[in-house]
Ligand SMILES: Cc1ncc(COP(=O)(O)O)c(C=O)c1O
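The chain that follows stands alone, in the form predicted alone, written as structure tokens.
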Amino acid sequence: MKPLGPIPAGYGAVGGELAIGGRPASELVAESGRTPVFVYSRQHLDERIAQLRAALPNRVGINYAIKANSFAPVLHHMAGLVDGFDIASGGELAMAQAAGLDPARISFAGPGKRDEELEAAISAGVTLNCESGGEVDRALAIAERLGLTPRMALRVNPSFELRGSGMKMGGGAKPFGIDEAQVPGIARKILEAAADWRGLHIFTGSQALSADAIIETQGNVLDLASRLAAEIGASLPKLNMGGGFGIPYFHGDEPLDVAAIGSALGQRLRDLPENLRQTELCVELGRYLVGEAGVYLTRIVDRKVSHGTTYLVTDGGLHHQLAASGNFGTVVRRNYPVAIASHFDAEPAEEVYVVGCLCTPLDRLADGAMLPRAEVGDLVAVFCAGAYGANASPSAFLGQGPAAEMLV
């Protein structure tokens, strides 16, 4: 038997079924018209951001990294909750524009921006978080051809990293950002070109559950930003401090102590260096804001026993939930939070393997999980599905196509 991850707070039962946004799973599936379906909860989004604002100093803004979940109704809803948006491709820029997001609230990071993406971003008036000296040169040339003043910041590859990060994106050789030693010279080139200098973006990693590690990293980010501002010889209009806030996915994970992070950051901001006292500060978060607000509902289409092992075969799988299947960078596969949505308040009764409908042994949603007895037609819920689910999975694999999505 392998333990399941912890079901996020805020989910309960209505008539014995899992309820999302106060509505039973079967009702939501009927409304969507099919399974599988990703269901995102407005209530969870509202409460998560309210809790975060209460914990963080008032001066610190919240940016949403839309790569976590770019579903248009989610973007519309988040527009009223956060201060800015971070995109990582021209495709995401188009999504942001289609959702009516204010370009002045958008920044564009990511290595390998193509010239057409740079041109679209400059034309729209979003901030470019440039990742290399070459990208700066290309952006300045494109802006000159267009007769526009580009909004430009630099993404920094710092010498330090975020301890305990699930994905390290700073420290040592990285494809992301500009090594800190190169930043002052490149920043001065932007200033000399009379571009709209927007400051620095320092993102070191993601999915950390240690408050102490994040506190340490935020302190290092502020120290580095102050030193770079002094070496550049110009103030920083804005400092994107990155994120790294994780959520519990697996057995034994504990929720991040954001109150401790906010308290430590508040103390640090009371003693900022002079060259950062007027700087706009923000954190950039994706999964922490939306991950626990999403549930993936998939229907059991077969129940079978093979060599004494019971399999619940669903109409979903890794083509929608690559991360839950363990194929999104996980070294050792562990179970996400999974439940039988149709019998959410029932006691565990059997050990089962929950698998998808794809013809590959990689298509697993839960291994050796103790769950209530389930039959063909029942619904399975995979939690923590609000981030890196629908938009980070190979939905075209075996011609299956995307899942339905809904915000409730």
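Please read all numbers here as calculations on a predicted model, not as lab measurements. The numbering used is simple: start at 1 and walk along the sequence shown.
As for the form predicted in complex with the ligand, it is not shown, yet the points below apply to it.
- The closest heavy atom approach of Phe203 to the ligand in the model of the complex falls within 4.5 Å.
- Of the heavy atoms in Ala369, none are within 4.5 Å of the ligand in the model of the complex.
- The shortest heavy atom separation between Glu284 and the ligand in the model of the complex is within 4.5 Å.
- Using a 4.5 angstroms limit between non-hydrogen atoms, Gln207 touches the ligand in the model of the complex.
- Looking at the ligand in the model of the complex, residues Phe38, His343 and Arg373 place no heavy atom within 4.5 Å of it.
- Only one segment in the set 61-69, 45-53, 346-354, 23-31 has any non-hydrogen atom within 4.5 angstroms of the ligand in the model of the complex, and it is 61-69.
- This chain lacks the partner; the member of Lys113, Arg155, His319, Arg151 within 4.5 angstroms of the ligand in the model of the complex by a non-hydrogen atom is Arg155.
- Residues of 376-408 that come within 4.5 Å of the ligand in the model of the complex, judged by any heavy atom, reduce to Tyr388 alone.
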